[in-house]
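We give structure tokens for two forms of one protein chain below, kept apart as structure 1 and structure 2.
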Structure 1
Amino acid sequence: MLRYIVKRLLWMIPIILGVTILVFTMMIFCPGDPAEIILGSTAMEADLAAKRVELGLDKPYLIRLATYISDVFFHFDLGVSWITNVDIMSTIADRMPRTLILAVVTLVIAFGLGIPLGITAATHQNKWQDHVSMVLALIGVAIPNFWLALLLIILFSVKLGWLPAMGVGTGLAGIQYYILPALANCAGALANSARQTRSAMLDVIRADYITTARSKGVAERQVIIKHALKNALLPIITTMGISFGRMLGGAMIIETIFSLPGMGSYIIGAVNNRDYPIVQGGSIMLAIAFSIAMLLIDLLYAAVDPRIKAQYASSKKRKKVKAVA
């Protein structure tokens, strides 16, 4: 298992390097002259030229790329913002946790509600519980998260005044600022997980071992949770991976709506201000966070399914098993 984790971690290096090269190369084609963006359109030509040299824009592409990569990976330096001159890495260190908290809270709500909903639908197939939860799921998939966010603001902030519509707080009271964003962002994932759970449960619920368990007199609750759900978990975890990616993306818009100072509002604000180093650095850091999340989900896979775990057992152990067999 450890070998597998190490292998996967090593594999992340070329991927992240690839992402860095890709993003860096794309950003070169951004419209506008960086020196002019920094100094403003009224700057003198001599100042602009000096700024270009300072930024290294006079050097060839490959050298700039190499400098950037060595800055990022050996000095953990993403440069400074063109507009505010603030160090990007420290800003990200400040903002990334908020985005991750939002994503994790969303994921927990989505799957915490989605899986039971899916199980209810599957165990009551073609009854009203099934129809109601699947209609809910269809609506949940169809509603765009940013529209839901606006509707939630209208209801809970404007009409009822229960929850704040924007900002962040500190301490325990800060939780209330995450409730609406998480609710808005979780609808799609909740619906997806309910649908996936239902179909995965329906696949296993007719298997022979379920009949066996029932005929042994195992309580129905036990059969569903211990025998059926355990075997239906793999496709559900796959959905979790896909959902997490969408959530990180969706969170970007949600953060902007709720003025939550996370990665999304940082990057989108930077795009609008043409503050490209932030877009570049932010994208790379988000890609790293995303890759780590994917790794964790793959590990969850192995934890749930012993067959997958066995694949990655060390070769010594495998030989032993073979010898015994």
Structure 2
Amino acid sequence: MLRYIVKRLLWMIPIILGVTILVFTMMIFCPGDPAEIILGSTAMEADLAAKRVELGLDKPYLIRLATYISDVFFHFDLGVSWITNVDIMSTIADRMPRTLILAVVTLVIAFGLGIPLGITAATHQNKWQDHVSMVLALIGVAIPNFWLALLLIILFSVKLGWLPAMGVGTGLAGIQYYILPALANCAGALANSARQTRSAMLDVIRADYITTARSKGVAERQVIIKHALKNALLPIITTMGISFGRMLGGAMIIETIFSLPGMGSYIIGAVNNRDYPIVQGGSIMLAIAFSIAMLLIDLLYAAVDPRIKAQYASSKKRKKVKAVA
């Protein structure tokens, strides 16, 4: 297993490198002149030219790309903001935890509600519980997260006054600031988890070993939780990993609506200001976070399914036998 973890960590290097090259290249084709945005439309051409030289925009693409890759991968330097001249790495270190907290809270809510909803639908197939669950899932898929965010603000902040509408607190005392953003961001993931759980459970509960367990007098709750759900978890875990990536992307809109100082609002502001280093650095850090999350999902596969553990163990044994031979 350790060898597999190391292998996956090494595979992250070309993935992050590919993201770096892709984002850097996309920034070149974005409309607008960063020098003019920084200095204003009334700036003289000589000042604009000097600013382009200062920013390194006068150099060829390959030289700029090579310099940036060297700074990121060998010096761990994401540069400074063109607008504020503030170090990007330190700003990301301050903002990234908020985005990760939002993503984790969203994931807990989505799958904490979606899995029981899917189990209920599967165990009551074609009954009113199944129909209600799937209608709720369909609504969750269809509803835009930004529209849901505005509805939640109106209801829980303006009308009821239960939760703050924007901003962020500090430490554990600020968890209430993440509730509405997480609820707004979790609708699609909750719906997908419910539908995937229903589908996986329907495949499992028809299996022979489930019938055998019931015939032995095992309690229905134990049959569903211990036998059926455990064997239906693999596709649910896959959905969980994909949903985490979508939550990181959806955080850009949600953080802007709720004025959360996270990575999403940071990157959106940088895009509007053509602050390329922030967009590039933020995208790289989000790609790293998503890659680590997918690694954890793969390890969760092994924890849930003994066959995957056996596959790794047998592969290691075969290599030892070949080495002895």
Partner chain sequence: MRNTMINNLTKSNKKHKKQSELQRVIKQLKKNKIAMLGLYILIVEIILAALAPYISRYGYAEMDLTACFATPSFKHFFGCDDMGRDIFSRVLYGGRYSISIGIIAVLIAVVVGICIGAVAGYFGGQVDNIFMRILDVVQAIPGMLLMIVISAVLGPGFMNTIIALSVSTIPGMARMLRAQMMKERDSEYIEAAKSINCSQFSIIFQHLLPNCISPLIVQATMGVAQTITLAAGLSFIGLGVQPPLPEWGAMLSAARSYIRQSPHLVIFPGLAIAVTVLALNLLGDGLRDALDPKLKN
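Quick note, the numbers are simply positions in structure 1, starting from 1. The term rigid core refers to the maximal set of C-alpha atoms that superpose within 1.5 Å between the two forms. Note that the coordinates shown come from a computational prediction; the quantities given were computed from them, not determined experimentally.
Chemist: Give me a 1 or a 2 for the form predicted in complex with its partner chain.
Modeler: The chain shown as structure 1 is the form predicted in complex with its partner chain.
Chemist: Rigid core fitted, then: does I37 show a CA shift of 2 angstroms or greater between structures 1 and 2?
Modeler: Yes: I37 shifts by at least 2 Å between structures 1 and 2.
Chemist: If the rigid core is lined up, how many Å does the C-alpha atom of Y61 shift between structures 1 and 2?
Modeler: On core superposition, this C-alpha lies 3.1 Å from its counterpart.
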